[in-house]
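Here you get one chain, nothing else, as structure tokens; it is the form predicted alone.
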Amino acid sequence: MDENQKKVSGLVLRGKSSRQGLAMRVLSHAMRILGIETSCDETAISIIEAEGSFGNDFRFSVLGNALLSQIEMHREFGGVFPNVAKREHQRALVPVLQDALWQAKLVKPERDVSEETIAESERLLEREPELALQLSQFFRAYNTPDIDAIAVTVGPGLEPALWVGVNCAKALALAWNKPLVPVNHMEGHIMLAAADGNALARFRMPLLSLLISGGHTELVLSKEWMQYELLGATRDDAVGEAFDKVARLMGLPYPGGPEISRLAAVARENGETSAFTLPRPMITTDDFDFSFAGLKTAVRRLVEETKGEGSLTEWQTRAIAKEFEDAVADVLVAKTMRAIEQTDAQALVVGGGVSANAHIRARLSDALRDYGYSTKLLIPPPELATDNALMIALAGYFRAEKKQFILASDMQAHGNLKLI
């Protein structure tokens, strides 16, 4: 592939940075990657040390990992409000950065960034004045950490939030003279799901990825590591979006997905049954596409008919939550099992925030057993299923290992960035 035209998960990297030489010298041994994640309502920074390529020789360790959630900030809006997310990322990035660096023992009170460089970083961050001020104070107080590259989420996500992380990464790369690695958020989810302890899980290709989040419902096939073929995707609402919208219809607090799952779990534990029946959209179609808008509409009608002029009883709320979660799980399992059968996938990655859903995780595991498939199931622990910077640092390492860096002037945020 031409050095000046490298395609990286929906990105075309042009040009060759003079700073790339810093990372080139470490490609033969361990690299330290600092990852930045600001795609939605989590401000996160992680630092890893990794070495090796895809396969049994890959190893990594987490040196620092810090995250600040904005959930409480957005609860009153019933969802993530982009401008609030942008503001909070500006406020949180430097404290989170300091936390991660202190954990990694990579920062000392020894200034080595010039005033000229600080002034240049401030100009770069003119649209993020609060971040610019905090970073300037940080540069004047601390040394350049011993890292080899900076990886940052460039999409998909909320574009105002993405730009804060992207511009922060540019400022750090400028001040510290480090190369930049653009990361696709969804690739990060795949990488983290494929990790097992401090290595990669042992699995054979092809790899099937079920990506389920607030913005995505996709089945993606990888015949080779870091190469992707889209098998199917949602035609309307993503599964996480459907969970949140249904929760609002039922009068449940934000974030709605975990609340629906909690109520459904109580109904199952109590052995509660109901006469409520919801559709399983597209469950029998021959393709691998999904649709959840009709299911959401069906819930709205069911809620309106059930509560009448009053409100739902506790039993009715639990029953509808259980039926909705069952309907979603039925569709996801059916489509995924069909994809495994047709592709002979040897491993199944489940990534994205909805992969934290205990019922969906259990249903997929049971289905693999019941269908008799030897496909290996790869799901991150629930605490790492939602957005975090560890997945960005991991994906950044594999891109850096392939020397896929980008000039700061070419790096852009892409709210609708595709994996394919």
Ligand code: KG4
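No experiment lies behind these values; they were computed from the predicted model shown. Start at 1 and count along the sequence shown; that's the residue number.
Quick note: we don't show the form predicted in complex with the ligand, though the next part is all about it.
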{"query": "Among the candidates 215, 145, 281, 179, the residue which, in the model of the complex, approaches the ligand to within 4.5 Å (heavy atoms)", "finding": "215"}
{"query": "The single option of 364, 63, 31, 356 touching the ligand in the model of the complex, heavy atom within 4.5 Å", "finding": "356"}
{"query": "Answer range among 183-191, 310-318, 118-126, 330-338 for contact with the ligand, defined in the model of the complex as heavy atoms within 4.5 Å", "finding": "183-191"}
{"query": "Contact of residue 222 with the ligand in the model of the complex (heavy atom, 4.5 Å)", "finding": "no"}
{"query": "Distance check, residue 261 to the ligand in the model of the complex, heavy atom within 4.5 Å", "finding": "yes"}
{"query": "Residue 237 within 4.5 Å of the ligand in the model of the complex, heavy atoms", "finding": "no"}
{"query": "Non-hydrogen atom contact residue 386 with the ligand in the model of the complex at 4.5 angstroms", "finding": "yes"}
{"query": "Partner contacts in the model of the complex for 226-245 (non-hydrogen atom within 4.5 angstroms of the ligand)", "finding": "240, 241, 243, 244"}
